[in-house]
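Below you'll find only one chain, the form predicted on its own, shown as structure tokens.
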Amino acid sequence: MKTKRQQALIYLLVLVAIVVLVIAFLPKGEEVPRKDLSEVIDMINNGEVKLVQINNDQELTITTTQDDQFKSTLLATYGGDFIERLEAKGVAYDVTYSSGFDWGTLFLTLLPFALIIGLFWFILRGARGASNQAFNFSRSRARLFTGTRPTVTFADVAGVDEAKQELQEIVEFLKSPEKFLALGARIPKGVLLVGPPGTGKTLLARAVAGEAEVPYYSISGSEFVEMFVGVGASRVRDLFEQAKRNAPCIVFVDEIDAVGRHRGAGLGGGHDEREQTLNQILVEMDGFDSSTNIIVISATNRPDILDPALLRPGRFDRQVTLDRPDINGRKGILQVHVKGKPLESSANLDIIARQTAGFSGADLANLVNEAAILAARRGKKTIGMVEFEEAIDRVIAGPEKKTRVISQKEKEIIAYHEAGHALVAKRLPNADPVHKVSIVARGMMGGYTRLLPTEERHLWTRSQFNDMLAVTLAGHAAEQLVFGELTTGAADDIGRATKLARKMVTTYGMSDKLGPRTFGHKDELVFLGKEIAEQKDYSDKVAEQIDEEVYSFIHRAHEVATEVLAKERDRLAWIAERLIAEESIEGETLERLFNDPVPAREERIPAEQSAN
């Protein structure tokens, strides 16, 4: 935008200069005829002159009795005699004494040159600015926050109490270092925040900026590296020079894995620009000068690819892990995000926290925002539990696809599929309780069954995995049992079941036949941070045994699901019929379908017909 304005200004200046030049050099009007002074005197003697105008430049403008005009120059030698001659002949005359300087003429003369000079100055100024930008190319792009007006504090961060405590000590050290120095403690050089995306690493660093009354520099790891060799290292030096001038201070480097990956993994060897940048960071963090109070806080979700020299004590002394929040953490995060939002009395944050197992802080923030949007779309003044339930479904599976047209046969298959998941989950002892069943299409799913864990789990047993496999395959088993045919609707279920069964065998050591062993390890390109292949460290015979064990886990789970559904086939049909009629079932209605006696089929016909 700035370039366009500059171009417009240049064009305007050029246009004005052209116009002024044209005006200045336009030919003047027709010149007044001139006469010699002797001729003028003869005309005066003959009575032909009516008016004479004299200026102090000794120039005459003569008007004759025929109203003709002439010009002449008065010689100095005639001086007063000329005036006396006019008075003797009775000729009117007018003497004008001007300043002798014509400002208008001077302005018109100098304006074109001024415009041209101004145009050249503007062009040179732009070139000088480009030159300055070239010299500033190696300057750090870190943003400085003074912390005088904090927008985020520790009160705005929930679900990561241990991490807050670690960083609170950093803030206290910067505010009152004498308390720690009295005990011989030294200031930590760096803190590495580690955790999955959305767990609040950047938010926590911003809270440090709000709490600490010291300068705070924020920069992303990718902002160090450019295509020109040496720029990244120069920017690192400039950043730490600025920080030293403002010490004590905090430097926050987000996504440090962009420059901190293991050295020697790049294509350019030791001359790789990224590695030079990393080398400079290592030097600055643990150089000869150990007296400066500069704390570096960095965030990454890939600590496994960072260079070991970056992680040793003296550089990043502390690694703070931010995991996905537990149920109490999710409730605390929800309380932070609903602050200032009008909630209905039905909105129960405890139930919402239970339903959102595995959600990160960013997911929960998005959940609350989606609920508020839904309430506003429905014209409500408050946010209720209905909006939160809908928002959870939207975050997990996507928005409803109400316009999707499916046949009655497909609707029936989907209903039995989801009813199978729900019924098997209800009957198996190690499965989570069923919270909601729906055949409303969302995202790529034709329907879904949502389970509600009763507790947070950090350890899983083989019995829990076996029941999880049975619930996952129950939809497939229901289709086969009722229709005697298989569809593509169970593709995702089969994929998840196969993946879980293989992990039970090769990773968790849950196979009785193969014992507590792990099989295969994954190699990855550290430079790219991606897994490229699983290295086979076992024989072909063991590979066959692994396949047999995976099949055994899946086959047994499928048999368990089929047995449960066959025993309660009437109840399966009842649940499916209600799903066809109502599309979504939850709460007390779902519990009655699981526990009440199943009505005779002729008593269920009206509900089935109402769906048609």
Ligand code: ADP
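From a predicted model like this one, the values you see are computed outputs, not experimental measurements. In case it trips you up, residue 1 is the first one in the sequence shown, and so on.
Separately, the form predicted in complex with adenosine-5'-diphosphate exists; it is not shown, and the next lines address it.
Proximity of residue 337 to adenosine-5'-diphosphate in the predicted complex falls within the 4.5 Å heavy atom cutoff. Contact annotation for residue 199: at least one heavy atom lies within 4.5 Å of adenosine-5'-diphosphate in the predicted complex. With a 4.5 Å cutoff on heavy atoms, residue 326 does not count as touching adenosine-5'-diphosphate in the predicted complex; it lies far away.
In the predicted complex, adenosine-5'-diphosphate sits beyond 4.5 Å of every heavy atom of residue 213. For the options 317, 156, 172, 344, the one in contact with adenosine-5'-diphosphate in the predicted complex, meaning a heavy atom within 4.5 Å, is 156. Checking 258, 92, 362, 373 for any heavy atom within 4.5 Å of adenosine-5'-diphosphate in the predicted complex turns up a single hit: 362. Stretch-level contact check against adenosine-5'-diphosphate in the predicted complex with heavy atoms at 4.5 Å: of 499 to 507, 354 to 362, 302 to 310, 380 to 388, the positive one is 354 to 362.
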